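Let's start with one chain on its own, the form predicted alone, as structure tokens.
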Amino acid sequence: MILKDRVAIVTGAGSGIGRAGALIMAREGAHVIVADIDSANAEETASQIAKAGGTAESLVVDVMDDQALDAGIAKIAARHGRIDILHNHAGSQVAGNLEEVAVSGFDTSWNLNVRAHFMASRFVMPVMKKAGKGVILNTSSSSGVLYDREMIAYTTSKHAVIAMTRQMAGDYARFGIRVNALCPGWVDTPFNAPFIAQMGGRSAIEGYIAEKVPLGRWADVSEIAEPILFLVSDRSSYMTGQILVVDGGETVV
């Protein structure tokens, strides 16, 4: 088990990629804090981990609530005496171009996709610095490295995550803390609902993916879980400030 005895916080772990990442970390020996705004989803992920023989606990929190997030992370640090891994995954997809997107939607995209990552990292950093080690993984997107049709709020936030990741990595490497970003492409989860609606339905998005992605298909969440494990484990021990794109080849064309 390559994460044996480590304590990992995964935000947005109640479903989709976040859940898949939490499950694989637990499989590899980590005690996983399943952080999600939806209590039922968080409990379901924790239950799946327990049924598979792992250990987990749920943390019901709105990551955009600074006070609640700070308090939740502080309790985890006090209870376990360590935080080895933070995977900032919670996010939202807001559709619309410059003229169409609601300003409130842009603000939500920024606050959830960028600011919440910033705050969670800020709250865990003293714990990791004291330990002289730690790993932070920020979820960006393939939309963080390319143009994404009429998704200005989303792409702006995901590009910002990459810049923030690189800055954090440079600033904190001397403390033994690694910071990297994951850029998933098209992954078949409910997260894509806004873009599917914008494109005109499931069949339309299937055609779009077949045309734009060289591998010609969605990814399954399991295909993103393995890269997550690589980035949060010692398998990537000499890797920091880097962006791992897992997109079926979309960004090469």
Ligand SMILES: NC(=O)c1ccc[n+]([C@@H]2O[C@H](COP(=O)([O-])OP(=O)(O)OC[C@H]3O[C@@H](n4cnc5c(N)ncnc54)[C@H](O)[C@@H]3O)[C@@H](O)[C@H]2O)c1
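Quick note: we count residues from 1 along the sequence shown, nothing fancier. Because the structure is predicted, anything quoted here is derived from the model rather than measured.
Keep in mind that the form predicted together with the named molecule is not shown, yet the notes after this line are about it.
Remark: Met64 counts among the residues lining the named molecule in the predicted complex, judged by a heavy atom distance of 4.5 Å or less.
In the predicted complex, at least one heavy atom of Asn192 sits within 4.5 Å of a heavy atom of the named molecule. Using a 4.5 angstroms limit between non-hydrogen atoms, Gly185 touches the named molecule in the predicted complex.
In the predicted complex, Ile37 approaches the named molecule with a heavy atom inside 4.5 Å. Not one of Phe118, Pro126 and Asn180 comes within 4.5 Å of the named molecule in the predicted complex, counting any heavy atom. Of the candidate stretches 77 to 85, 136 to 144, 172 to 180, 96 to 104, only 136 to 144 contains residues with a heavy atom within 4.5 Å of the named molecule in the predicted complex. Residues of 144 to 177 lying near the named molecule in the predicted complex, listed in sequence order, are Tyr154, Lys158, the criterion being any heavy atom within 4.5 Å.
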